[in-house]
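Before any questions on how it binds or moves, here is one chain, the form predicted on its own, in structure tokens.
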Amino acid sequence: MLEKNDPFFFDQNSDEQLIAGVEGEHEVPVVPLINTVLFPHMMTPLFVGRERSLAAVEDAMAGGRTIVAVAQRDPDVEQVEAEGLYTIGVEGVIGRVLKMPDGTTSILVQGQRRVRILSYTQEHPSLRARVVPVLVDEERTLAVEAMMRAVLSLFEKVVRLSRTMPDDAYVAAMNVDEPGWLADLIASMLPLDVARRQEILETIDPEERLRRLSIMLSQELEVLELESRIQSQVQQELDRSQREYFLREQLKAIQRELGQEDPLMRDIAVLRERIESAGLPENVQTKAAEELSRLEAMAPVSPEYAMVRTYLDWLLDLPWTQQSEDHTNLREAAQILDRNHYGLKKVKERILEFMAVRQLAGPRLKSPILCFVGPPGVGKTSLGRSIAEALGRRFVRLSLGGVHDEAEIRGHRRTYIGALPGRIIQTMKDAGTINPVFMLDEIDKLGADFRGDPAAALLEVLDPEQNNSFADHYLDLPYDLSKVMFITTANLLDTIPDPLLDRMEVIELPGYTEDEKVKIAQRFLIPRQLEANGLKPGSLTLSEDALRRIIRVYTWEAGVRSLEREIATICRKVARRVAEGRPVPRRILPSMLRRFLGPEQFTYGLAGEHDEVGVATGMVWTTNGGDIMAVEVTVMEGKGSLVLTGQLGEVMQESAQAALSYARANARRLGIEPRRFDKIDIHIHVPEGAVPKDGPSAGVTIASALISALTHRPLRRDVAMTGEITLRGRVLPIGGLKEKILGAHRAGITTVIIPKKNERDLEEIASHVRRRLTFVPVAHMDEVLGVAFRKSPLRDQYGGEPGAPAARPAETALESSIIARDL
């Protein structure tokens, strides 16, 4: 049994005496409670500080020491009103009143019974309300008895697991016989919020009260069990870490006594020695020393230990000051370049110029950023290796094709698991020096997505004014790239962002002529394939005629990759004959190619077999180099419509419209009846319709084919042309002339019509190509017609016959005013 001085003791006789005479409806002072609920039979200390609450306590002390404690709904409200209080509270008796130093008053209240607040009779200076006791049926049925046992069982487990409940709380609950009292006692000791405590208080039926309490006990038990498991796991980890720490310290002591060295300490000592002897820059050495101090204080089993160790390895493995000695012998460098590559005069001159200036200016010279642009197979990548050999530097290569993530260039920050430096820093580690020849291959194939734009990150890498302090996110230290000679390669310049292109010196490699391909095959390709296929040097040769035949009818490219593949095919078939012991030819002649390479793949020669009406030969430029293109025009009876086919782009369609407008405007001079255009349909087609085509340079070609179809005069099949046309017939310059001329030369064209303003570009064409072609620079469409046709369709506008010398048409008054205004 509980003693009178026990905190859970309640004297029922005393309670009955205190509430004598107030069994029915009566008026009593009200004290609002914040974040707490008073239960019947419980003795609870309350701290009162609000004015109305103090006044209610004084009122109660003056009139019988009885108050009603009721919880307020919102604990944040300071001056609560009547509607902010619950309607069920507990009537209690004030045991003692103490004044606290902070100005508040502590009262000890013993709850007596539940009461329902009917109405508030007074709000100032204190709250007073009319209340009525809530009657409770305490009948103990079998169901109530079972519920009490279940609640006690759950409460026992909660007390055992809880670190806040006193150990004798369960003993106090066992000594309570009444079901309602038991529920109130346990609810007052559980860590429940105000809403759930109030829910228990407002549940009048003891059985229902016990049922709800059992649910709350089950929830609390689940939380405590989970907390206990977590605490147990944490404690196990701590115990294991402490045990390992003590064991390591004991092992160190034993090793010291035995004169042995700790592997971890030896590793730290090696790292410290490497840092001191690496000759690092001052800021890098300071950073490395800081990270080494952190590493010493860490446990080897810590995940961060491996991250810091990896970071230190990167700092020590990177070249910070190591550099190779540049070659200064220009003659030897020129011989190396000529030995490894045929032709490419402009590139070789640029490298020798750099070496000469470097020799005179010394280390102050900033390394150039070169960009080799050309079709596939012309030797852009292999040229970088030759440059490195000529300079006496290490050569490293990084392919940028398909790179979409900016972190590929700048690296990941060390906050990420598995972080690494960017590919620039990784490649510099492979180089081992701070002045390698660094090739960034396929820079035109960079991509961008939600992970950032790698091209933007390369702006700092390829800027000589900035790359002396390149910032990699992983290193978090500036790295000097100013001594690196960067070489980039691309097939096209269109996809390279302008800011990035502006930082590079563009050198175009237009492709090889037939003579150059023959020389490259004889010097490089054949010896390399003989060695690759196990044949002895000089055991097999290809005649020059056979090589030219392969170039013309088995390959169609600007570079030499397909040519090397065909030579490799011949070498493999010869190697098989050698392995089988069959007779082997020592010299491959043109007549033997079909047996080794099969039927011819391409047709060499002009676009047509004879001069045709409505067919003109144009020149095009593709990613694989230059080529020729036929433009066909046919005229049919119709209603004056223009049909364009062959997957022509918008610009090319506009060139066709301009060509038609020129023909209609000069119809009488061309011998065409103007009214005829309203009675015919014109169909312009560019073959290979599955290949998209665009650009303005086909304007002259389309106009020539259109005039040929309208005048029924054939065009010369050995003439190729290019140029943009205006409505007044002027021929404007175009781009890619070198590649187009090489393509026309490969196709067997003898005469090439080019815009007058492109005449200066002929200087970059190889002399042997210029000797084999006839170039006709033109400024107006009238000049084109005089060359493209065997007999010009132009007639004098005053009635001259076709083919007679035709003067330029006199401008109308409107055209004269336009020209004058333009000038």
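These figures come from a predicted structure and were not determined experimentally. Numbering starts at 1 and runs along the sequence shown.
Another form exists, predicted in complex with ligand ADP; not displayed. Remarks below refer to it.
Of the residues given (410, 380, 740, 746), 380 alone sits with a heavy atom within 4.5 Å of ligand ADP in the predicted bound form.
When ligand ADP is considered in the predicted bound form, only one residue from 554, 479, 342, 474 comes within 4.5 Å through any heavy atom, namely 342.
Residues of just one listed stretch (369 to 377, 494 to 502, 137 to 145, 567 to 575) have heavy atoms within 4.5 Å of ligand ADP in the predicted bound form: 369 to 377. Using a 4.5 angstroms limit between non-hydrogen atoms, residue 314 is distant from ligand ADP in the predicted bound form.
Contact check for residue 528: a non-hydrogen atom falls within 4.5 Å of ligand ADP in the predicted bound form. Although the partner is absent from this view, residue 438 stays clear of ligand ADP in the predicted bound form, with no non-hydrogen atom inside 4.5 angstroms.
Contact between residue 524 and ligand ADP in the predicted bound form is found at the 4.5 Å heavy atom cutoff. Residues are counted as partner-facing when one of their heavy atoms sits within 4.5 Å of ligand ADP in the predicted bound form; in 547 to 569 these are 560, 561, 564, in sequence order.
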